[in-house]
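Only one chain is shown below, in structure tokens, and it's the form predicted on its own.
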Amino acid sequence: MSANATLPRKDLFDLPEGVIYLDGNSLGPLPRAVPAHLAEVVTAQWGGHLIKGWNEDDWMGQPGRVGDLVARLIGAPPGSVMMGDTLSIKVYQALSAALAMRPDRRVVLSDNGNFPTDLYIADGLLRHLDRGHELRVVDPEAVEGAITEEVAAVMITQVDYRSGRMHEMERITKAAHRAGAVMIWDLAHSAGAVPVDLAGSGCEFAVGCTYKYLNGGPGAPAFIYIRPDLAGEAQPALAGWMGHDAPFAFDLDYRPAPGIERMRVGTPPVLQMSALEAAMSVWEGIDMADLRAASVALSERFIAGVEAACPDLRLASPRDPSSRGSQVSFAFDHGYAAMQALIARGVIGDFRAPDIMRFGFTPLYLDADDIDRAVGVLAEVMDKRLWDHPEYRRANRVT
């Protein structure tokens, strides 16, 4: 690791005093570079340049420029990642393009550890196509064995959002390709958390969001990757103006842009993307292997501490760190209330139904002392039953 990449780099983040933030796997904290950059974009670019900003400030090129910043962290070559829209839209784009590549097959395979949105999008798309497709959902452990020659596309989230269980990307991709299926990876809980080698895996598509480990802020734009040799062939089902070969020719007939540009749909969210572009500066000099080693050390320390001090909590994540992402989950019947009590005392994680207390480990701004203090607060919450109060049982809209 280079000297300028020493972890953690807490000075690059604006975290509230006294808070231990273990929820970067859901929403990353604010990088200090973002407010000033956003103010400049709003005041000097939007305010001062008005519509000229599309050219003078290269707003038009921003989705590809920021895509290259993300590409470095997910093992993708420059020019293969495009930013914009939401993760749901990018899932739709990838899956619809994959099905067009295998028109004689009728099965989309996923697993029940996938994030529900991906399954909703798949179900809606297949019903809309009305061609007899089936969304086949199996247990995570059964995915590889379920990849048969019926399968058009395998659509898997690499890291399970509840338990942190991590699929073996290269192995499952090879299994998909042996069966002639198209491989789609959702990297929502991988990008910025674990080393990813999209190019090495050979997968056709990948998608992901940027408001978690990439710290792009609430509503930050999503990304889509297409394997470079396929980028000129993929047919976008959402054929938007920005994905046209010559948008300012205003042709009435759609003609897809060459390469990854064709996966653009609507007008890029310039302010949100500018926040993400500034946030990506925290990754300068960071090697993902170094980050991963630090993440494993922190999560192992947390597991050991919690299991020693909180016998009522049950580890719900894989014990082998090579089989989980950068989060640790514990199960507890009163997990929601316990998490609210913990948050009230300055240790922020989150809850996933029915009983999962979820904690994310981001070595960019967490160190061993943070982990020890978090374990101490959690032990106090459990030992003294501090969670057993009506105020902590009232369910908020967002858990």
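The model shown is predicted, which means the values in this text are computed figures rather than measured ones. The first residue of the shown sequence is 1; numbering continues from there.
Note that the form predicted together with another copy of the chain isn't included here; everything after this is about it.
Novice: Flag this candidate site as yes only if Ile51, Tyr92 and Arg127 all have a heavy atom within 4.5 Å of another copy of the chain in the predicted complex; otherwise mark no.
Specialist: Yes, each of Ile51, Tyr92 and Arg127 comes within 4.5 Å of another copy of the chain in the predicted complex.
Novice: Within 4.5 angstroms, counting heavy atoms, which one of the listed stretches 118 to 126, 320 to 328, 281 to 289, 192 to 200 is next to another copy of the chain in the predicted complex?
Specialist: Single hit among the candidates: 118 to 126.
Novice: Answer with yes or no whether Pro31 is in contact with another copy of the chain in the predicted complex, where contact means some heavy atom within 4.5 Å.
Specialist: Flag for Pro31 set to yes.
Novice: Tell me, yes or no, whether Gly216 is in contact with another copy of the chain in the predicted complex, where a contact means a heavy atom of each within 4.5 Å.
Specialist: Close contact exists here: in the predicted complex, Gly216 approaches another copy of the chain to within 4.5 Å, heavy atoms only.
Novice: Would Pro268 count as a contact of another copy of the chain in the predicted complex, using a 4.5 angstroms cut-off between non-hydrogen atoms?
Specialist: Judged by the heavy-atom cut-off of 4.5 Å, Pro268 is in contact with another copy of the chain in the predicted complex.
Novice: Any of the heavy atoms of Gly240 lying within 4.5 Å of another copy of the chain in the predicted complex?
Specialist: Answer yes; at least one heavy atom of Gly240 falls within 4.5 Å of another copy of the chain in the predicted complex.
Novice: Where, within 220 to 256, is there a heavy atom within 4.5 Å of another copy of the chain in the predicted complex? Residue list please.
Specialist: Stretch hits, in order: Ala237, Leu238, Ala239, Gly240, Trp241, His244, Phe250, Asp251, Leu252, Asp253, Tyr254.
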